[in-house]
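Presented as structure tokens, the chain that follows is alone, the form predicted on its own.
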Amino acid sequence: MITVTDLDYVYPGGQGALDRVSLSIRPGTLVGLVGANGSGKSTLMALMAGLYTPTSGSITVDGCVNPGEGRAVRAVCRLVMQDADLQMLGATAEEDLLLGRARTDATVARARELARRFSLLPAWERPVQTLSWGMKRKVCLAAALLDDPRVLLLDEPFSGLDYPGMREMRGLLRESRAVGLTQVVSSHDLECFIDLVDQLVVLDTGRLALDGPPDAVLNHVRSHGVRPPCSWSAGQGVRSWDEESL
């Protein structure tokens, strides 16, 4: 589904962000992309989404190669940014979900169904500036899923969420994996989603430091600026922290 080959990225000002990163992601997997702040996570996700062009190397997503086929990559990927305010353009939840789309009965019905799924119908006509951080994040996620992407890229989706919001986000990740959606979730904290992860990728100052199943990687993450989950440090392996596992 996603193949990253010898990927380099240098920002226009000359700052290097990624250095010869290579990895492979299978279809339908949930990948945890972790690292300390400034490790290159958001840059890599923007490249996977076709929003940036590699300085050298390449990314292949569902058979489409970046550089060269950025438009095709963007057609199959959706990126949900960490800061929802940078992504929302509509004045209301309804307007944001339907912005740029033909208002056919089918499209409106699909948008309302996603709003219902994410408990957004009460906010359907509310100004977006009155929505909570978590509700804004859900509007962005609903807008991404409205396009039926093959790949969903979530940049720090747990940031700023309370415990109920984290549990809801975990449920959405499970649902998306159950229907075969390939997901890449970036975070600097493993605690709230490590038990859902199929593949753990660790970046360190722009380089690929670790890549593999969580059980094979977690003993080594601390040396790359990532705190292991509490259950792992306590010798209990990978355990879910939510009520469903108690």
Partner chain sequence: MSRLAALVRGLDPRLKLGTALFLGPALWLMGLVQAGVCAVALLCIVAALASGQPLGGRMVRGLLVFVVFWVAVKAGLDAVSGMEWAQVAAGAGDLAVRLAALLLLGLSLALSASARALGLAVAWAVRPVAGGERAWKLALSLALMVHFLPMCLATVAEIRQALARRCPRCGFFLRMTVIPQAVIRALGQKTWNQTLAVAGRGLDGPQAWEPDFSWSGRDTRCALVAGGFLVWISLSLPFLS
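Owing to the predicted nature of the structure, the values given are computational and were not obtained by experimental measurement. Residue numbers count along the first chain shown, from 1.
Keep in mind the form predicted together with the partner chain is missing from the figure; the text below concerns it.
**Student:** The partner chain in the predicted complex: within 4.5 Å of a heavy atom of each of 91, 96 and 129?
**Tutor:** So, yes: the whole triplet contacts the partner chain.
**Student:** The partner chain isn't shown here, but in the predicted complex, which of 33-41, 190-198, 175-183, 48-56 has heavy atoms within 4.5 Å of it?
**Tutor:** Every other range fails; the passing one is 48-56.
**Student:** Applying a 4.5 Å heavy atom distance criterion, does residue 164 contact the partner chain in the predicted complex?
**Tutor:** Looking in the predicted complex, residue contacts with the partner chain do not include residue 164, since no heavy atom lies within 4.5 Å.
**Student:** May I ask you to check whether residue 114 falls inside a 4.5 Å heavy atom distance of the partner chain in the predicted complex?
**Tutor:** No, residue 114 is distant from the partner.
**Student:** Applying a 4.5 Å heavy atom distance criterion, does residue 143 contact the partner chain in the predicted complex?
**Tutor:** Contact check for residue 143: yes, within 4.5 Å of the partner chain in the predicted complex.
**Student:** Can you tell me whether residue 85 touches the partner chain? I mean in the predicted complex, with a 4.5 angstroms heavy atom cut-off.
**Tutor:** Judged by the heavy-atom cut-off of 4.5 Å, residue 85 is in contact with the partner chain in the predicted complex.
**Student:** Quick one: of 110, 78, 136, 170, which gets a non-hydrogen atom within 4.5 angstroms of the partner chain in the predicted complex?
**Tutor:** Filtering the options by heavy-atom distance leaves 78.
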